[in-house]
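Single chain ahead, by itself, as structure tokens, in the form predicted alone.
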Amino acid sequence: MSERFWIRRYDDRSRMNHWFVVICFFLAALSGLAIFHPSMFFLASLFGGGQWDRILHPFFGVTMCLGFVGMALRFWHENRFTDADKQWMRQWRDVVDNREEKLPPVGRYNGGQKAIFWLMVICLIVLFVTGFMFWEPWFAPYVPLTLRRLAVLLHAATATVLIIGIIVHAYAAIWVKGSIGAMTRGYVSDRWARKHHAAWYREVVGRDPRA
């Protein structure tokens, strides 16, 4: 066996699904920010003006949610929290200081990645439900005005949390060198797997990552 080899982390369908959701997220986020505050209304020009922005935003959001359902069905079982993940999160100082040798071996996803996954699940459910509650002119007339107003507030607050979560997710992917390559090419090096996901390496390769 060569000193360095490559391990498949994502198949083509998973990667296409991921980037489809990413594109939909940016379309939904930018069109939503244009509606959110007058200072960001200039973003509406990306979608043909204010009227088109208001028309397209709900469709971007629904498409993003449906695309994420495909991802969630593929990966939810690998995002269940284990005792190792809880310990990993308790040792967040070692994570930030890049002292990975002190962290417990984790599977395909670590505690932080799993937290982002479930944050996205919760946020997208809330955004999906509240968005329908004030979607003019199709569904809003059937929802009482007070509930519509609460839905607008909850929708905006949840969208803010989701955007922050995605920023953290993107930063972590850049910070951990090799992570972006995993989602663009589908492969990671054995060294990357041994260092960042030792338990997953042992499961896939079938040998002790310390060997």
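Just count from 1 along the sequence shown to find any residue number. Quantities reported herein were computed from a predicted structural model and do not represent experimental measurements.
Form predicted together with a small molecule: not shown, discussed below.
The contact with the small molecule in the predicted bound form, taken as any heavy atom within 4.5 Å, belongs to 26 out of 42, 52, 26, 59. The small molecule in the predicted bound form is not approached by residue 194, whose heavy atoms all lie more than 4.5 angstroms from it. In the predicted bound form, the small molecule sits within 4.5 Å of a heavy atom belonging to residue 173. Looking at residue 103, you'd find every heavy atom of it more than 4.5 angstroms from the small molecule in the predicted bound form. Not displayed here, the small molecule is approached by residue 169 to within 4.5 Å at the level of heavy atoms in the predicted bound form. The candidate spot formed by 36, 47 and 159 lies out of contact with the small molecule in the predicted bound form, as no residue has a heavy atom within 4.5 Å of it.
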